[in-house]
Structures are given as structure tokens and as C-alpha cells.
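What follows is a single chain, given as C-alpha cells, in the form predicted on its own.
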């Protein structure tokens, strides 16, 4: 098959397409495919011309760190969880995430995710058990809270969201889920959370729910929105 990769040597250089030939089994992941291309003694493009190794990032290769987020055949996904057998056609197109600055090839700078969360101080803080709300009601929602806690901050929800633009005022689905989690477990922060939620999510979200379609952890963001709105 043909593997078409959008490459960029540095943050200030121009991106360009490079095509490789690959003969790999269908049960190989895209992460494995990139390794396959990179770790030949000599890496060459489809015309046999020597080239540099493809830059990308990985850590766990088990779908729990989010490092290998990229756009595969036009769909934001984790390379380690996307398999060749599931990609139709004889060509695979791989691009870096488009809504984050490119560092090198498929490696992007997603630090804005953490900067926004840190800036707004969205942390659980002190948990106060004992009240009716923090006790029995909280227990009923533990399953949903556990689902939210699976968020790996990979940025795929932001990449596909029509409302998110390069780290501006709208913070996206992961922010909404964090707001719900904090509001559900710390009543002292609810007024603060309401203001932040309205400013950075509630007043801007168009509810396309594309974030749920690409989330590798299948987090039910719409449920968080409904629960938070009721509160």
C-alpha cells in the first residue's frame, strides 16, 4: 500500500507530502506501520530516494497516554488503536493534528490543553463527605464520574470540534467533563465552576457531539452536560 505522510521539518518550515511503499499485515496498527517505515536500515520514499525518519510521538502504545494522536485518513485518532485492516483502500494518509502547532512531522505541541486547565484551576480540591448531596447522591453518579476520569487529554475532541479554534476562549469537551466532576464532588466550588463553564463552554458549544465520536475512551460528554445543566 501507499502511505502518504504530511511532513514538516520544523515549526517554521513549509509542510510537504511524502509517499512511502509498505507491505504490512492487516493486524498491524498505524503506530506499528510508522515504526516499520522508520526502522529500516535505510528509509526511502516511493521513488527510492533516501529521506529522513518520520517524526512522531508515542509512550504506552496501549491507548492510555494519548501521545500518538494524529489524523489518519481524515479522522482524528490514536495511531496505536487504528489498524491497517480497518482503513479502506490501498492508500493511508497520515497528518499531524491541525489545531495545534506542529513541532516536527506528526509531533504537535498540545501544551495549551494543560495551560487552560491550570489557568482556570479546574481541580477537585478537598472532597467533603457527610452531606446528603456529597454522600448518597454522589454514590449514584460514581459510574459516570469514573468514565470521565478516563480522559487522557489527547486533544482528539478539540481537533474535531467545530467550535474550538487554536486554544482561544472555548476549551472543549474535556473542560466540560472536568467542570462536572469538580461540581459533583465539591459544593464550595460550584459558583466558580458555573461561571467558568458558561464562559469557556456552555455559551459556545453547538452540540455537534463530534467529540464523542472520536473519543478513544468513549466518554459520554453529553451526559456530563445534562447533569451539570441540572445542577
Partner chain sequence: MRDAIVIGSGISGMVTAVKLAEEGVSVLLVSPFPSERSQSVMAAGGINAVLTDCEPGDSVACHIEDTLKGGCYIAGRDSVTGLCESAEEIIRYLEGIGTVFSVDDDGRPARRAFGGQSYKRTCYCGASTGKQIVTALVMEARRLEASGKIRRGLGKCFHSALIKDGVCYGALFFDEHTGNISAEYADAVVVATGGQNALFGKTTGSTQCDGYTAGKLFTQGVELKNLEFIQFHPTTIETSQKRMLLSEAARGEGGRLFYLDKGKRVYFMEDKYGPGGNLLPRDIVSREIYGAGSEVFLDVSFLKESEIDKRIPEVRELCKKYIGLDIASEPIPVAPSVHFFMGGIAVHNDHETNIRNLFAVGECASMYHGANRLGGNSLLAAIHSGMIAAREIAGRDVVADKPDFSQAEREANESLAEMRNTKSVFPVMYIRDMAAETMNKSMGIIREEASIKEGITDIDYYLSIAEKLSYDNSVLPYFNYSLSGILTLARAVLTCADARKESRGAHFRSDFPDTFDEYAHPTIVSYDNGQYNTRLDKENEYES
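Numbering follows the first chain given and starts at 1. Values in this document were obtained by computation on a predicted structure and should not be read as measured data.
Quick note: we don't show the form predicted together with its partner chain, though the next part is all about it.
- In terms of contact with its partner chain in the model of the complex, the residue from 80, 92, 102, 160 that brings a heavy atom within 4.5 Å is 80.
- Put simply, residue 58 is close to its partner chain in the model of the complex: some heavy atom of it is within 4.5 Å.
- Within this chain, residue 53 lines the site of its partner chain in the model of the complex, having a heavy atom no more than 4.5 Å away.
- Contact check for residue 182: a heavy atom falls within 4.5 Å of its partner chain in the model of the complex.
- The closest non-hydrogen atom of residue 207 lies beyond 4.5 Å of its partner chain in the model of the complex.
- Heavy atoms closer than or equal to 4.5 Å to its partner chain in the model of the complex belong, across 3 to 31, to the residues 27, 28, 29, ordered by sequence position.
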